[in-house]
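Presented as structure tokens, the chain that follows is alone, the form predicted alone.
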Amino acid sequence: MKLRQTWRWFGPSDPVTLDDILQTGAEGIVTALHHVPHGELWTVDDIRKRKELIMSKGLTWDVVESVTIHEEIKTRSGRYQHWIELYKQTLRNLAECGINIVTYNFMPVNDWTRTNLDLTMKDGSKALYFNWYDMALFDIYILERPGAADDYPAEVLAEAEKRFKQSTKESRENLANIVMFGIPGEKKASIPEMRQKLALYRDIDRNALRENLVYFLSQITPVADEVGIKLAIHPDDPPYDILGLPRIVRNMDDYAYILSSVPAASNGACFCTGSLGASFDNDLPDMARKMGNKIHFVHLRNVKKDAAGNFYEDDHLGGDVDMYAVMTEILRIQQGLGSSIPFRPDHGHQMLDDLKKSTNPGYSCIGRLRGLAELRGLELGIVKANGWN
């Protein structure tokens, strides 16, 4: 039994079309209704329209990524109970349409964060990159977050100051746009909006944010259990506190807390090797082994870190993540389940003809196609070597 091969698609405006995806070998689509504002209801009509569009090309809608959580739920303030009720109804509507895996994250304010979207690799392809020096430059000198300088070591502060003095207005604006890039197809934040959102977390520390997540899960998992939906929380990306905000899905201890605090059948994980692999402390094969059948969805990508913790996204079979060991553990879990676990080749280098095109950062076609091909080959070798069907 092989893993279910899926592909992330950002909807009709995605430069990579469903016709393109059909040629990659992917069987299912991972998508979301990105035009729906965060927290608002996904109607059955909207869901069905998207599903029918996908099915018209001979593909299936396998995973939702993501049903975004309203910020008032994360801060447990304002109309948070209202947004939770809408979230419950969205889950019911998805189940009614036959979609039963929902990925989400609990990252406050900012989603995945990078400081460079087109790092040139040795072969001329382009990769995503996270650099602490540029992150500090943005945080201290562009965002001007109070107390930001206290969050960085002396060597990072010195390099950030040096880079700021050498920067131009244009380069600073470019860096700000990259850090606040967010999800393709969704509204981009401005500096004033970012400051306003950060202010909401002034009195929310790690423990408070954890409690807010557990409360949210205690509210929605009974509905998910009832309608047969599997929830998959995505790890923080990067798995470090940034912008003065706590990150609570970074390692095995965090996952153990989340899964044990709400022991519902629906409560599970999205196992993202890129996000988790950006930490020196995470042993990914061991984490997969410990999570076991609580892994409901898998993202496979690789990262290469330097001594300072800066990292770029490497080839899928390159980098610091032992993809062979991770894939072996995932396939072993699947053998016990007796059903396929969906995975997607996460991110990919912009390369070959895609270098001449406008693409969503990390989500150009050819780099992900290369990754999918490599991962499929790795999977076949592991399955054959172990005598698995």
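The first residue of the sequence shown is number 1, and the count goes up from there. All values reported here derive from a predicted model rather than from experimental measurement.
Beyond what is shown, the protein has a form predicted together with a small molecule; the following relates to that form.
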Legend entry - Contact stretch among 42-50, 65-73, 325-333, 351-359 - heavy atom within 4.5 Å of the small molecule in the predicted complex: 65-73
Legend entry - Proximity of Lys230 to the small molecule in the predicted complex, heavy atoms at 4.5 Å: no
Inset, instruction - Answer for His296 alone: is it within 4.5 Å of the small molecule in the predicted complex, judged on heavy atom distances? - result: no
Inset, instruction - Answer yes if any heavy atom of Arg8 is within 4.5 Å of a heavy atom of the small molecule in the predicted complex; otherwise answer no. - result: yes
Legend entry - Close approach of Leu245 to the small molecule in the predicted complex, 4.5 Å, heavy atom: no
Legend entry - Listed residue (Met107, Leu209, Ala148, Met194) with a non-hydrogen atom within 4.5 angstroms of the small molecule in the predicted complex: Met107
Inset, instruction - Report the residue, out of Trp112, Tyr80, Tyr255, Trp132, that has at least one non-hydrogen atom within 4.5 angstroms of the small molecule in the predicted complex. - result: Trp112
